[in-house]
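Take a look at this one chain, the form predicted alone, written out in structure tokens.
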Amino acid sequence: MTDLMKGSYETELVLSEKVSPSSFLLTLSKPDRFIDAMPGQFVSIKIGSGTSPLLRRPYSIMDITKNSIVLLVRVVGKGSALLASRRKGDLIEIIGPLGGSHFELKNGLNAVFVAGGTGLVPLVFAARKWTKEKKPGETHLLYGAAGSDEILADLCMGDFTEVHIATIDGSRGFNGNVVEMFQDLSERGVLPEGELFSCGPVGMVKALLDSNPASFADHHTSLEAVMACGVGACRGCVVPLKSKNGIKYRSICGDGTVFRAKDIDWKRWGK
């Protein structure tokens, strides 16, 4: 990625909306020189004014318009809690857009998206961008959460041809996890042939890969990881990829976040 494609910017928090007991949708003003990002790319955010938390936090881009950048923040610790507590008008320092690869779709193909938790974010971005570009045929979202109170798919119901929801506790939609729902829908012939895209916990993506029928041309996944630098310099978020010459390691932040699922050596990574 060239210097023209990324930079450090001070943005203003335009809107903070609580969308679940633990999640907030943040709309930031888009800096003038911030380029249009691609699905799977992210920004790295400075959380506080001091040294605690020391590291920036990576957040996938959910949408980008002429004037705004939209992010989804789930509160899981001190850093995300501080970011979620910011108020309209606050200034927030970001670096981006970051990431060396992104989701792509061949024109006219159907797209099936499988997401768990905040893994929804880059998939919504992809669906919205591709719809504007008139790329996809049908788009199906399969989304899973623990219970109905953590379902975030309501944010994007109009962005897909069909939305299928699974909850572990059975409080909404399919009773089970999202991979079990994927298997059920596939067996019943509900899902169209096309390309498969995923983002979520490692266990979810690995189980999805193991159950992937031959009807999908390919399966690309956006990986989630703890990132220190966000640009691939520290090598703290590497993933092992299979190659003809053995295993090669690539950084999720600098080379990813998107990889072909079958290229990942799952025995070495994600334990």
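On a predicted model such as this, the values are computed, not experimentally measured, just so you know. Numbering starts at 1 and follows the sequence shown.
Here the subject shifts to the form predicted in complex with a small molecule, a form of this protein not shown in this document.
- Interface residue among K88, K132, K78, K106, judged by heavy atoms within 4.5 Å of the small molecule in the predicted bound form: K78.
- Put simply, of A166, L141, V73, I95 only one has a heavy atom within 4.5 Å of the small molecule in the predicted bound form, and it is V73.
- Contact check for A217: no non-hydrogen atom falls within 4.5 Å of the small molecule in the predicted bound form.
- The small molecule in the predicted bound form comes within 4.5 Å of no heavy atom belonging to T221.
- At a distance threshold of 4.5 angstroms between non-hydrogen atoms, F34 is out of contact with the small molecule in the predicted bound form.
- V239 falls outside the set of residues with a heavy atom inside 4.5 Å of the small molecule in the predicted bound form.
- Contact with the small molecule, judged by heavy atoms within 4.5 Å in the predicted bound form, is confined among 203-211, 239-247, 25-33, 53-61 to 53-61.
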